[in-house]
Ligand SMILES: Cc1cc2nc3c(=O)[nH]c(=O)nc-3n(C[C@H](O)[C@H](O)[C@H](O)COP(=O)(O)O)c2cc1C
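First comes one chain, alone, set out as structure tokens in the form predicted alone.
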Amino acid sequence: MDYDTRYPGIDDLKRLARRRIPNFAFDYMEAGIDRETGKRRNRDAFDGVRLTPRYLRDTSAADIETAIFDRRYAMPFGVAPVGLGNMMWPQAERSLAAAAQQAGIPYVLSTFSTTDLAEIAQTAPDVCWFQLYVPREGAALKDLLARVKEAGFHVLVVTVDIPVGAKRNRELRNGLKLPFSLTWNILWQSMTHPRWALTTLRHGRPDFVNVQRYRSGPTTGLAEFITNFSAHGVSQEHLRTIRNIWRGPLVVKGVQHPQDALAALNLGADGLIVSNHGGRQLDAAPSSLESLRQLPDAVRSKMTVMLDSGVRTGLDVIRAKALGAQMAFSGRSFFYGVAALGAKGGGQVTGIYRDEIIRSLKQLGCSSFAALDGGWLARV
């Protein structure tokens, strides 16, 4: 095992992260929307997928490499985009990009990251993808896409599931705003986590550095800023415009309805990330696995289908593949890792997933990730 076995699973990292960082930072990373039933539904769906192992086979090797958009990756798993990432631990985004580059897996940088996009592209030149929140202003859209292309990102991931900023109760109770307002609550939480506070002071307060130039005024609440910056619903015309500008692989993230998946196909998208935004947007939304099961056959055969939301183990990556996802992503897993272990956290998470994916394949009696399909699902 190429990771610290004192923390053998993602849940172990989560428990340590909760103790190591202030509540407002942990709640931002952990929170769902409303009563957070959608987030729990994601996990319940994964836990409900059963696979039937096949024995009497040679399991001396298991190939977990995968090819996506004419590039080979060492694992069928990547780092999902998380905004405000350096709040969980200073320089978290850069350390995760470096870990992804070393592990040979995709790193998807959020528009609302807190590290300059050019720096991330330099840190992870072979594996960097960019997640786009579509700006309301056309000039901002064109300028941002030009910067992304010039930096060298390989894949553009357009998020479509934020027509309005979310009302997340944990963030509201904590009074989380950007730039940070030092309310007594925020100040007390920071003082009770001195290592996080001192490290943050040394590196500077996190901010949305990649969209600073597009601000018309100071921001207040996180939801308000995102709402003011982003288009009020990503339309088919938005996607058509982006497709005309961006000549590389184009992925649509957040699709849940079969007709939306077909529309993305017809508009020239190359791939989908089936997602309910980690249960952070609509509490009544179906789980990511439910939406994956409902994809039309035309989409499955003509597009690269991927998935996020609720992935916590290597076995979950295997489950998603049996249901048709060529790659899976997790954001929380990686940020639990850096919140728990600092710069070493990214390597810890990739090590855990690599070990669990390989062990799960061998336990199933399957020699390669590519060979997994619906035939491995348990018949009940």
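As the structure is a prediction and not an experimental result, all values here were calculated from the model. Numbers follow the displayed sequence, beginning with 1.
Beyond what is shown, the protein has a form predicted together with the ligand; the following relates to that form.
Chemist: Pick from Q256, S110, S230, N174: which residue has any heavy atom within 4.5 angstroms of the ligand in the predicted bound form?
Modeler: Filtering the options by heavy-atom distance leaves S110.
Chemist: Select from the listed residues V82, L144, L156, L117 the one whose heavy atoms reach within 4.5 Å of the ligand in the predicted bound form.
Modeler: Flagged contact: V82.
Chemist: When the ligand is placed as it is in the predicted bound form, are N86, P90 and S190 each within 4.5 Å of it, taking any non-hydrogen atom of the residue?
Modeler: Not one of the three qualifies.
Chemist: In terms of non-hydrogen atoms within 4.5 angstroms, which of the given stretches 54-62, 315-323, 328-336, 344-352 touches the ligand in the predicted bound form?
Modeler: Going by heavy atoms within 4.5 Å, the stretch is 328-336.
Chemist: How about H277: is it within 4.5 Å of the ligand in the predicted bound form, going by heavy atoms?
Modeler: Contact with the ligand, yes.
Chemist: In the predicted bound form, does G310 have a heavy atom within 4.5 Å of the ligand?
Modeler: Residue-level check for G310: yes, a contact with the ligand.
Chemist: Indicate whether Q131 is a 4.5 Å heavy atom neighbour of the ligand in the predicted bound form.
Modeler: Result yes; Q131 sits at the interface with the ligand in the predicted bound form.
Chemist: Quick check on M29: any heavy atom within 4.5 Å of the ligand in the predicted bound form?
Modeler: Yes, M29 is a contact residue.
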